[in-house]
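One chain comes next, on its own, written out as structure tokens in the form predicted on its own.
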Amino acid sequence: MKYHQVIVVGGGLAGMRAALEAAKLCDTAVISKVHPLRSHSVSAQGGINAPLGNNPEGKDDSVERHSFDTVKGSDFLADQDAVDVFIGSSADRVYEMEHWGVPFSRTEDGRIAQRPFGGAGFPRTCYCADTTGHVMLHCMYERAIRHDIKFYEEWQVICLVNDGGACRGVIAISIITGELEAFMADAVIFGTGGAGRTYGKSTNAIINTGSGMAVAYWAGVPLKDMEFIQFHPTSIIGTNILMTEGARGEGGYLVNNRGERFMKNYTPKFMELAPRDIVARSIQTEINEGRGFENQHVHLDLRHLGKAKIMERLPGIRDICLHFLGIDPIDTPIPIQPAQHYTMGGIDCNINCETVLKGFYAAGECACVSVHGSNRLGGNSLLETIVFGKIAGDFASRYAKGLSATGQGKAAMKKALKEQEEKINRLLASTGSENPAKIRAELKSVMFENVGIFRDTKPMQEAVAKVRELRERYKKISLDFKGRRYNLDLCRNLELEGKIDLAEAIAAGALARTESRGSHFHLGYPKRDDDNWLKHTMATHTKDGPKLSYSTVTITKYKPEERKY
């Protein structure tokens, strides 16, 4: 059994920032499924928001205006006290990144450059060309190495140990050897990312299975607002790799098969810079009504920006187009379509990143502090990782430091280790007739088609029934490879069980919500219904599926109003 005062699960930006903060007070270790520099944070392209006022068109920006844009973008489902903390810390966290060495793009007079992003009243997105997450993650990892933070790479956490309401640590499997290990801790922080791969057509990395959310859910921690799934407007056809919103921020056009900039018909004032939920629905409407190309995509046209600007501001997506589509956006429009992108819901936690399980904290996309509500604005996700990563590390380390006794719960850890060993042995010995790859494919398909950009009652009822059918079929799977060393068949199918349970929480929450709000657009209920649905959905795990309940949205300064752009 290994022991650290604080264990952080997840080596992306939220996990890394939490670890750096916790290490100020406590012995801290990070457990990651992959080498930390292969975490999904590395793929964040367009930038990070802060109301610095460095762009001439944004000189009147303020914390107040950024906060209002965030609340309005959330379709008033965000908790406004959490948004106050979130946006109030934004400038300090961005300057901290600058001082730590993140090479932000610059204005002519040397300040951090800022570009427009969707749903924002001012250009406030700070950026490093179109590789912002990549450089932030490298900077953070170098700093973690400097501070001697211990990393356990290629370990997959499969159990969070709940010992009568107190968190005692996690059980993890070494992907390399297949051995199980009990990692005991006085406090645990999850920064495990989103659940994008529950869906087909996703911009998410293969590792984004939502396994951290599922492990917390199984341990008795509720999930919040899981029905709110963001679909990014612009992913390339085929692989669905992201084309950053920064491309539209720099002036890129969306064009249908008639050569029209069709956003003039949906949001004439904001055009391509409307929030993502609106732009994604507009693109899908163009495709559905026959104005797309090959009935599956429209064009993102950058040609008018010119070679010099594309090479300076958007070199990363140009490389992606060259390598994955064989086209150069300098002289050819990019074929794009909407794809699943972000999980607004997640592990329920408060402003301090605390959960109902004492000693267990969460930050980043796996968590739901509730600053994005029903629709996240671009540029706010990177900000969330470093704002709430810091807070999670601070509160977890002070909790661990304040305990009267450390290393509690050995009996619970040993019991959990034994149960997980038995579970894996059963899975390896299984001889069922169901093919897990087929179950995974059917799950992703039904979620994208039936709980996707446009939703309706009957398809969502079918999705809930299908997910329950898949859960029963999962009990009869068998694995092709029975060995322990690098058994990715085993690891992926441990995750598949969690994907199924998360999918049911998403679909059940969406089916119950008879209104349209942000990313959740219900064809049968196209209007927002504040009288009945201005509330958070809470999903608690039971052996028969999610038990839904609801909690209050915190409203402080901004009274709900119609969201117009």
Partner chain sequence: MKEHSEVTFRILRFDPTMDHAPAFQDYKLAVKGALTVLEGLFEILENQDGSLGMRYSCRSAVCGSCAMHINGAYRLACETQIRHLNSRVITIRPLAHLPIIKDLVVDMGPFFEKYKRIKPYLEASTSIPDKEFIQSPRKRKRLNEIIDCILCGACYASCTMTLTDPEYLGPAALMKANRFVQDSRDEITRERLAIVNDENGVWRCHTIFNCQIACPKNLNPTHSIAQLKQKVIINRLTGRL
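Positions refer to the first chain, counted from 1. Since we're looking at a predicted model, the values are computed, not measured.
The same protein also has a form predicted together with its partner chain, omitted here; what follows describes it.
I206 belongs to the set of residues with a heavy atom inside 4.5 Å of its partner chain in the predicted complex. Among heavy atoms of F481, some come within 4.5 Å of its partner chain in the predicted complex. Among heavy atoms of Y399, none comes within 4.5 Å of its partner chain in the predicted complex. The closest heavy atom approach of Y141 to its partner chain in the predicted complex falls within 4.5 Å. You can rule out all but one of 468 to 476, 483 to 491, 368 to 376, 387 to 395: in the predicted complex, only 483 to 491 has residues with a heavy atom within 4.5 Å of its partner chain. Exactly one listed residue, out of N240, Q230, S282, N162, brings a non-hydrogen atom to within 4.5 Å of its partner chain in the predicted complex: N240. Among L403, I145, I327, A429, the residue placing a heavy atom within 4.5 Å of its partner chain in the predicted complex is I145. For the candidate spot formed by W100, V135 and A437, every residue has a non-hydrogen atom within 4.5 angstroms of its partner chain in the predicted complex. With contact defined as any non-hydrogen atom lying within 4.5 angstroms of its partner chain in the predicted complex, the contacting residues in 100 to 122 are W100, G101, V102, P103, F104, S105, R106, T107, E108, D109, G110, R111, I112, given in sequence order.
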